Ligand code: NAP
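The chain below stands alone, shown as structure tokens; this is the form predicted alone.
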């Protein structure tokens, strides 16, 4: 099956790493479903950008913290494209800087519902469509983890780090579960990447503060992460599953 006919769903695709992945995927010939939770304008602007370059994309609203939204999102992809070949579990949240003894139950439940359970449910829907066991033609899943999963993020957001550690383990387990069914599952661990997520966590200066602590003395870009995602989705990574690739500038 040529890449030109493949269909990719990117959750949280309207900004940051997700948007960069959508652009690169479209350039590689994928038809792209751009998921967004609230920023419809950004998602539609990205779709227009893809269409202007001759690609095929559409925006699909859905909160990955809501099972009904997830099911509807996948059904929308079915209706629009009639198939699914790849999923990038990119949607996620971070919260304001806090110690564990300052965290509320509501914060913890939101973090795990979106970052962990949402990724599980999206993968569930993707496997139901792509696995040969379920009559599918195979495919690839790339989960977006974080270098925080191995550093723990003490004094900042241990909850976020723990949610990404869960994604690491989820990646390994699911990869082995569907290895004979034509579905590959891998993950990327971005480090300090210059995107809007730091501001959303109340730390717009975080990239600047951490830059000199990084071996490469600079933050990464969303595009650098997206290139790694596209490799793991591609047939060039056909013998790679259960891998977690650090894209973290050496940290």
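Numbering follows the first chain given and starts at 1. Nothing here was measured: the structure is a model prediction, and the numbers come from that model.
There is another form of this protein, the form predicted in complex with this ligand, and it is not shown here; the text below is about that form.
Please name which of the stretches 179 to 187, 50 to 58, 22 to 30, 36 to 44 has residues with heavy atoms lying within 4.5 Å of this ligand in the predicted bound form. It is the stretch 36 to 44.
Does any heavy atom of residue 86 come within 4.5 Å of a heavy atom of this ligand in the predicted bound form? Residue 86 lies outside the contact set for this ligand.
Is there a heavy atom of residue 81 lying 4.5 Å or less from a heavy atom of this ligand in the predicted bound form? No, residue 81 sits far enough from this ligand in the predicted bound form that none of its heavy atoms falls within 4.5 Å.
Partner proximity in the predicted bound form: residue 160 to this ligand, non-hydrogen atom cutoff 4.5 Å: Flag for residue 160 set to yes.
Could you tell me if residue 139 has a non-hydrogen atom within 4.5 Å of this ligand in the predicted bound form? No, residue 139 sits far enough from this ligand in the predicted bound form that none of its heavy atoms falls within 4.5 Å.
Using heavy atoms only and a 4.5 Å cut-off, decide whether all three of 63, 93 and 195 touch this ligand in the predicted bound form. Checked in the predicted bound form: all three residues contact this ligand.
Heavy atom within 4.5 Å of this ligand in the predicted bound form: which residues of 143 to 178 meet that condition, in order? Contacting residues: 144, 145, 146, 160, 164.
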